[in-house]
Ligand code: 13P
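Shown below, as structure tokens, is a lone chain in the form predicted on its own; questions about how it binds or moves come after it.
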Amino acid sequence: MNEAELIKTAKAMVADNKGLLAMDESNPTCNKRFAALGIPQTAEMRRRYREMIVTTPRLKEGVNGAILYDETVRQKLSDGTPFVEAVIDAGIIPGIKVDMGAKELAGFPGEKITAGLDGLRERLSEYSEMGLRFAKWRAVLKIGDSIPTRRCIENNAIVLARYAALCQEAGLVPMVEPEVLMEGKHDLKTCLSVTEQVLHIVFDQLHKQRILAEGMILKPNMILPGSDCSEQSSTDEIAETTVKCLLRCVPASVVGVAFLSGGQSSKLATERLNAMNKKYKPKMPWALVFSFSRALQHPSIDIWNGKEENIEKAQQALHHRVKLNAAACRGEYKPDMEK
């Protein structure tokens, strides 16, 4: 493990008030989005869509890194350039999703455990040789009747820590993503309580696995009331509660916190990130940035709609969304900038 290189990469991933673009949707997830728009669900259409993303002009103005999917890193642009090379040429750090998705946790109805540790050491070695510099692993935790259980949280935390250790061994910065889902009727206070428990247990396991905190990135959920909760909190309440949670749970040695969007609308995700940085930036020991997928891509995929003639306008929409979120990282976003 080269500690200096890990720290250098982790710092670069969250530098200059820029974030990370998550374009690592699994084939089923990507196909589901395509189906809703009437786009053919093929490897070639997925390749075209992701080419549209990585060839967006001036993407690096707001993005430091991009999370890719295994299918994508083995594909090429229309001109024959490998995707990883194209991302590097765009001045962006390439990363890779390495988990194999959430599976049912035996003995714990309604709870899941993320698969993918088998053969991970060999896959990480291959990805490193391909030029990828960081990886991502997502754990999924749902709030419901008597869940998540402590056993489910602990099992996922152990897996996250083992993944992170293998990443650092291979010279890749691990993005650790313990996502508490926003689905459900729970209120803001419940989300705070569950997320605090999750983060405490995750960082305890990371410490036990001897993870270099300065050489990792945390990708958490914001603290939000459930999507079906009757009482939705204000942007200021969400910002205050989320920062409170992070200050209680995340070591100061971690260089960056890059939020997932988790089903929030593009505008709300940006507003909430902005509120945190605008009010609390001086209090936070780590950079607070974005690692959004849908919240960045949603406007552009609607415009693109699988048609070559729409690429330029779709890229303009993506670039605009990236610029708005970079402004939110500085605490300088304003709603009238949406125009």
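All residue numbers are counted from 1 along the displayed sequence. None of the values given here were measured: they were computed from a predicted structure.
Below, we refer to the form predicted together with the named molecule, which is not included among the displayed structures.
Examine F292 and determine whether its closest non-hydrogen atom to the named molecule in the predicted complex is within 4.5 angstroms.
F292: contacts the named molecule in the predicted complex.
Whether R138 contacts the named molecule in the predicted complex should be assessed with a 4.5 Å heavy atom distance threshold; does it?
R138: contacts the named molecule in the predicted complex.
Quick one: does L260 come within 4.5 Å of the named molecule in the predicted complex, counting heavy atoms only?
Within the cut-off, so yes.
Can R133 be called a contact residue for the named molecule in the predicted complex at 4.5 Å between heavy atoms?
R133 lies outside the contact set for the named molecule.
Looking at heavy atoms inside 4.5 Å, which stretch does the named molecule contact in the predicted complex, given the options 307-315, 52-60, 270-278, 284-292?
That would be stretch 284-292.
Residues of stretch 10-32 in contact with the named molecule in the predicted complex (4.5 Å, non-hydrogen atom):
In sequence order, A22, D24 come within 4.5 Å of the partner.
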